[in-house]
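Listed next as structure tokens is one chain, alone, in the form predicted on its own.
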């Protein structure tokens, strides 16, 4: 032990040294700074987060304010097969039935968000619970049963499974469609979460909680799940992208009933009218496709930006309540 270490040790246990614990307001301020403000500062300095946030904000406005401003599409609203960028009333043109293509895209957006929400919650929620329990109870009967269930679902081809389920139940509610789509997405993520938990459960602070006799749910919630939240949120973003593709595919193939507006329905109708060979019908097919690609691109950028947003060192560097010495250690 060096002389400096001895001095620090003496200072640490010196009764004369005044060490007041931080006040409650200071702790709240520090927590707010570390969990909200610092990630927000990182996001504002990351072009991927800015671009993704801007795109998703536009979609959000389109799905909320847009449906109030746009006219609900119906046959004969406007002249048939009008080209894009000719009239303000139908800026993306009209389809074979005289409906504005932009209005149809806008009215399909709220249901798409509902499917994304339901699908992501089911896939990521089930994967997180199964992965946490299985990893923390490694070698037990619970671990064996959960992983056997995951392996069984993994071995079943995903898209055919969803086609069979949706063909049997013919769901019309977008939340139910999202739940069905999430059925085949959780097993792979559950296995990845389990492998992360196997590593975290060996950490000293987890072992200390076990030695102190804390209940398992408390350890899972405070010590394990907290460490996995960034990983889970990144996968939630990627899962959302997958829900978009699968839902649009099912509507395009005509497997889901055409009871609601959907970008896949637009593409299906355009394709059935030979839009690939008729130039006047191409906007009917192309603009929904661009809408899907743009939203998917936003979720990809968001998942990449989350790697930086949830980086602990970057958060400490952008936090105003942590000084330079604490950051450099």
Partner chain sequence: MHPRYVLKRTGQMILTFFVTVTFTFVLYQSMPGGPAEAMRAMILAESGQVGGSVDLNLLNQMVEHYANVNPDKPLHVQYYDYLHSLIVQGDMGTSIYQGEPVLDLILQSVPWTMFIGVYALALGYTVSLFLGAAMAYKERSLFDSVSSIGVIFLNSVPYYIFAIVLVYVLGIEYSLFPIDGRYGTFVDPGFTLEFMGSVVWHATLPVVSMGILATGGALTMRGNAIRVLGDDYVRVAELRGLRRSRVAMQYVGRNSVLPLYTQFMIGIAGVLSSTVVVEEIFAYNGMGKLLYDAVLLHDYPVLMGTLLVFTTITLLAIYIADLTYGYIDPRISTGDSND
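Positions refer to the first chain, counted from 1. Since the structure is predicted, the reported quantities are computational estimates derived from the model, not experimental observations.
The form predicted in complex with its partner chain exists for this protein as well; it is not shown, and the discussion that follows is about that form.
Trainee: Do heavy atoms from each of 174, 224 and 234 fall within 4.5 Å of its partner chain in the predicted bound form?
Mentor: No, because 174, 224 and 234 lack any heavy atom that approaches its partner chain to within 4.5 Å in the predicted bound form.
Trainee: Based on heavy atom distances of at most 4.5 Å to its partner chain in the predicted bound form, which listed stretch, 62 to 70, 280 to 288, 49 to 57, 29 to 37, is the contact stretch?
Mentor: Stretch with heavy atoms near the partner: 280 to 288.
Trainee: Using a 4.5 Å cut on heavy atoms, which of 89, 167, 208, 214 is close to its partner chain in the predicted bound form?
Mentor: Exactly one listed residue reaches within 4.5 Å, namely 167.
Trainee: Only one of 117, 245, 97, 85 gets a heavy atom within 4.5 Å of its partner chain in the predicted bound form. Which one?
Mentor: Of the candidates 117, 245, 97, 85, 245 is the one lying within 4.5 Å of its partner chain in the predicted bound form.
Trainee: Consider residue 204 of the chain shown here, and say whether it contacts its partner chain in the predicted bound form, taking contact as heavy atoms within 4.5 Å.
Mentor: Because no heavy atom of residue 204 falls inside 4.5 Å of its partner chain in the predicted bound form, the answer is no.
Trainee: Find out whether any non-hydrogen atom of residue 79 is located within 4.5 angstroms of its partner chain in the predicted bound form, and reply yes or no.
Mentor: So residue 79 does not count as contacting its partner chain.
Trainee: Does the 4.5 Å heavy atom contact test between residue 265 and its partner chain in the predicted bound form come out positive?
Mentor: Answer no; every heavy atom of residue 265 is more than 4.5 Å from its partner chain in the predicted bound form.
Trainee: I'd like to know if residue 257 sits close to its partner chain in the predicted bound form, meaning any non-hydrogen atom pair within 4.5 angstroms.
Mentor: No, no contact at 4.5 Å.
Trainee: Does anything in 277 to 303 come within 4.5 Å of its partner chain in the predicted bound form by heavy atoms, and if so which residues, in order?
Mentor: Residues within 4.5 Å: 277, 282, 285, 289, 292, 293, 296, 297, 300, 301.
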